[in-house]
Structure formats: structure tokens, C-alpha cells
Ligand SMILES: NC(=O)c1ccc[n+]([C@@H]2O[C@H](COP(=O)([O-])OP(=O)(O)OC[C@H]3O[C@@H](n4cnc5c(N)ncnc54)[C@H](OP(=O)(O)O)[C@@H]3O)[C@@H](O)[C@H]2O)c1
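Next up: a single chain in C-alpha cells, the form predicted on its own.
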Amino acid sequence: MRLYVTGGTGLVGSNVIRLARQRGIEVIASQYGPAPEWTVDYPLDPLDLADHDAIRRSMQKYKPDAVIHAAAILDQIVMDTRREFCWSLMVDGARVLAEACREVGARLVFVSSDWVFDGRAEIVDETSPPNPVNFYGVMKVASERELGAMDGLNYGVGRLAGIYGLNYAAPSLLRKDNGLGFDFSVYVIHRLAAGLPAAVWTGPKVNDEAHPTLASDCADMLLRLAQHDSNGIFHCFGSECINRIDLAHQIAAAFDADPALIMPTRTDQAVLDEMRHIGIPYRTRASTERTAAALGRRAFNVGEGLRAFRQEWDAFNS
């Protein structure tokens, strides 16, 4: 299989590429912005997803069998203040990429998010109606809907949540700060591994409950989805929901750290002021059973993911 990956220097994309290469899959990766921090054994395509003609040319040039579209803007402030640009890149870009995939006969895996939901439902599954509370979620829903309405498209939507892990292409890009979302695990791990206190925001405007997802694990789920033959939405994130404080304590246990270093803390006021107009889903409890049945396995639960990550961490830092 020839696989094209967008966002190859990101957390998800770098893990997809690493796993694909381990399995002998031919890889092409888009690169717009920072380059990989060491020599890679796959072609890099300087693709700007805001250049829609370039997307078509790239697909015609490489003619992949499958595309995993992991590239995205993640800065909530940028998305809130530059909506036209972000829409052109994330929604229009995904639509054009889908059209180009259809033209060359490639299957498209679009990476989406649990943030298509508002965090108010007791539990959601792959068929639940979305109700996003921020522009990021709006753009993900818009793209999901466009793909679902496109005649003749071979596609799967792989939703992810609370991703943590190692960036195998550009480690310096890995986010290591606290945050309102559920992607704070890497921050906690780096603090605890250094023997430093880890503040965990538990006050207003935080994503307090979600499904933490090991990047290498969701990479396997996305590769399975790329080789699957059904269209639709798939929950490729971790199979267990947990709250922020319990997750932090499980991280401490997995890394043999002192749990007293976990410090529940009120959300930073400066961040609350900066994000005052941007909604954050309070929790996402979701079923992954349909996806597990379709793809032949369930993603890791919390303990399994952290144990696997501890092994990856030790190997990478040895």
C-alpha cells in the first residue's frame, strides 16, 4: 500500500508514519512548516493545504492507495480570530483533498475529534448527533458532513480524543504545558519524570472527563481504518473515560512518581480571560464498541495505554 500522510511532523502523523514504516508500508508525508528533526526514509511533499490546486497536483503526482489526513490547526485563539483562513485550510482543504482522493481512487481517512460534541450528553456513540461548542468542533463537523455527502468517495472518519505520546518526527514540537483540553497528559508526564510538581487545572472551563488516547495506539486504529472497506464515522480513541485528577494519579503510578506531586489547581485566570469567548466541552463519555467490532480490536484503556507509553518513553530516552 502507498500511504500519504498529512501532518507528518505532528503527534498523530509521526506515529502513523512510524508504525506504517515498521509494517513495510510505502509512505509519503506532507510537510508545511517545521521539517522532521532527523533524516527520514520517506518522501516529503511541501503541501500547503490552503493551496487547493496544489492538493490536486499532489494527489495526481503520488496516486496513493490511501490518505490519512491528520494535519490541523490546533490553536484555539487562531481559529477564533482567523476564521476565514482556518475554514479555507481545514474545511475547504479537506473537501478538495477528498475530491482529489476520489479522482485517483484513494481511500481517505479524515482525523476528527471528540470535540464535535458539547460534553453534556451522558454517553455518545458514532451515530450521536454532534453539537460543537467551539469553532474547531464546528469545522470538524462540517468536514465530516461534507465527506458523508460526497458521492463515490471511499472514506472513514477517525475521531480521536485526549492524545498523548512521543512525537517521532519533531520532538521539540510536542506540547508540554498545561491546558484546558484533555491533551494535558504529556505535560504531566514531563513534570513527573523530572520530579517536579504537576498542577492539574480542575476549576472552570476545563475538559474534565474524556478518553485519553496513546498516539501509537490510535495510529494502529487509523491504519486499520485506512485498510477497511466501510464508509462512516469511527471512534478510534481510548476505550476508557476518566477524569483529569484520576488520570494524573494513574500517570504517577505508571511512571513510579510521587503522587503528592499532583496538585489540583484552579484554572489559571489569565487563560480563562484569553479563552472567555471559546467554549470547552466539560466531558465526553463515548462508546467505542461499534468501532472495535468493525476494526477488529478496541483501543487501549487507560492502564494499558500508560503501560505501553512507559515502555515507549524508556526506549526513547535510553
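Residue numbers run from 1 along the displayed sequence. Computed from a predicted model, the values in this text were never measured in an experiment.
Just so you know, the form predicted in complex with the named molecule exists too; it's not on screen, but the next bit is about it.
Contact residue in the model of the complex, from Leu225, Ala106, Ile189, Ile163 (heavy atom within 4.5 Å of the named molecule): None of the others qualify; the residue that does is Ile163.
Heavy atom within 4.5 Å of the named molecule in the model of the complex - the one residue of Met275, Val40, Leu47, Leu261 that qualifies: Going through each option in turn, the one that passes is Leu47.
Stretch in contact in the model of the complex with the named molecule, which is absent here, among 141 to 149, 227 to 235, 196 to 204, 108 to 116 (heavy atoms within 4.5 Å): It is the stretch 108 to 116.
Partner proximity in the model of the complex: Ser30 to the named molecule, non-hydrogen atom cutoff 4.5 Å: Yes.
Contact test in the model of the complex: Leu89 vs the named molecule, heavy atoms, 4.5 Å: Although the named molecule is absent here, Leu89 would touch it in the model of the complex, with heavy atoms inside 4.5 Å.
Contact test in the model of the complex: Ala210 vs the named molecule, heavy atoms, 4.5 Å: Because no heavy atom of Ala210 falls inside 4.5 Å of the named molecule in the model of the complex, the answer is no.
Heavy atom of Leu11 within 4.5 Å of the named molecule in the model of the complex: Yes - in the model of the complex, heavy atoms of Leu11 and the named molecule come within 4.5 Å of each other.
Shift in CA distance, Phe182 and Gly296, in the model of the complex relative to the form shown here, given it is 3 Å or more: Phe182 and Gly296 sit farther apart in the model of the complex.
Distance trend in the model of the complex - C-alpha atoms of Gly181 and Ile77, change of 3 Å or more: Ile77 and Gly181 sit closer together in the model of the complex.
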